[in-house]
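Here's a solo chain for you in structure tokens, the form predicted on its own.
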Amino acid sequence: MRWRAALALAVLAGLGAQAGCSRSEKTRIVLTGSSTIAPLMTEIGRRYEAKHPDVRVDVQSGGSSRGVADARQGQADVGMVSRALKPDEADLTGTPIARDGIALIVHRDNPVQALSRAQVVGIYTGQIKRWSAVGGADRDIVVVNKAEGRSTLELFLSHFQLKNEQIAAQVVIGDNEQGIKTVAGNPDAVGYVSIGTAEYDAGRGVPIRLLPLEGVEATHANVQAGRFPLSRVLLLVTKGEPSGPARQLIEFARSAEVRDLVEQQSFVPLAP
């Protein structure tokens, strides 16, 4: 009989250990997509985890197209998309968390202060090959373009009425930080990235400069005022209406509790 009692105690102890393990397991919320939104959601996720120790927020970039695909296919709980949803994406629900603009950037030592619309088109289509043609040094222009699947590329092409096959790029980059590092490391390069990311990095000494667009300075303040001509909404998207832990995180990302994080990264917070 003693062995039966010992066995029963062992079983109960095992069940107790299993219950303890399940209680200690964290709820995982996976976000994938836009490299513009990813750094912001990483910071928001850390703050959310501090308030909810039983939750783990896993943020991965890869572009807005990945965010849409992963949300649709159930590979992510939430997709990050730095543009408005398209008509054929009506199966997704997009929740705005902030606004951002897209700006051309050059190296800080580049003497060119502005480019006209025609000059931008000429540079990106290879018709203008030397900086001296637009008021700069007599050096070759290194054109940096975004990879396909990036919403920044789509918006840039749409604004300048170009097709990607028309672009004559020497360098193709993925996320904003890669673009900024490329331009910061090459005084002859020109690229385009998120205003929020570029302002944030320039303010911390990265040797880049944001160029005005159509006479409007590329600043957080001008995006906020609606003056900057190339801006976009930053969305968190879900398959259907958000629910459960994903809904709670999205609500937190829209709340006043993270407004300082939005502003720290030079994005425009939602109206209170």
Partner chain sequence: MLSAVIVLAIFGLVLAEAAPLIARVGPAAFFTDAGWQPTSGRFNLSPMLWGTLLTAAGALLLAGPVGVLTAVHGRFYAPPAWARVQRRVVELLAGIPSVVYGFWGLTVLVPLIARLAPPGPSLLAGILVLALMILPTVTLLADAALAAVPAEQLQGAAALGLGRWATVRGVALPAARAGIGTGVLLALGRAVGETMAVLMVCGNVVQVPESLADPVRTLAANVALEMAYAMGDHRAALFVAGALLTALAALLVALAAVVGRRHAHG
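Numbering follows the first chain given and starts at 1. These figures come from a predicted structure and were not determined experimentally.
Although it is not shown, the form predicted in complex with the partner chain is what the next lines describe.
A.B. asks: Each of Glu148, Gln170 and Thr182 near the partner chain in the model of the complex, meaning some heavy atom within 4.5 Å?
C.D. replies: The answer is yes: all three residues contact the partner (heavy atom, 4.5 Å cut-off).
A.B. asks: I need the one stretch from 185-193, 109-117, 94-102, 80-88 whose residues put non-hydrogen atoms within 4.5 angstroms of the partner chain in the model of the complex.
C.D. replies: Heavy atoms within 4.5 Å of the partner chain in the model of the complex occur in 185-193.
A.B. asks: Does any heavy atom of Gly62 come within 4.5 Å of a heavy atom of the partner chain in the model of the complex?
C.D. replies: Contact check for Gly62: yes, within 4.5 Å of the partner chain in the model of the complex.
A.B. asks: Examine Gly136 and determine whether its closest non-hydrogen atom to the partner chain in the model of the complex is within 4.5 angstroms.
C.D. replies: Taking the distances in the model of the complex, the answer for Gly136 is no, it never comes within 4.5 Å of the partner chain.
A.B. asks: With a 4.5 Å heavy atom cut-off, would you call Gly174 a contact of the partner chain in the model of the complex?
C.D. replies: Taking the distances in the model of the complex, the answer for Gly174 is yes, it comes within 4.5 Å of the partner chain.
A.B. asks: Verify the contact flag for Ile128: yes if a non-hydrogen atom of it lies within 4.5 Å of a non-hydrogen atom of the partner chain in the model of the complex, no if not.
C.D. replies: Contact with the partner chain, no.
A.B. asks: Pin down for me whether the Ala168-Ser61 Cα distance shrinks or grows in the model of the complex relative to this form (closer or farther, change of 3 Å or more).
C.D. replies: They are farther apart; the C-alpha distance rises by 3 Å or more in the model of the complex.
A.B. asks: Can you confirm the direction of the Cα distance change for Ile167 and Ser65 in the model of the complex, closer or farther than in this form, given it is 3 Å or more?
C.D. replies: Relative to the shown form, the pair is farther apart.
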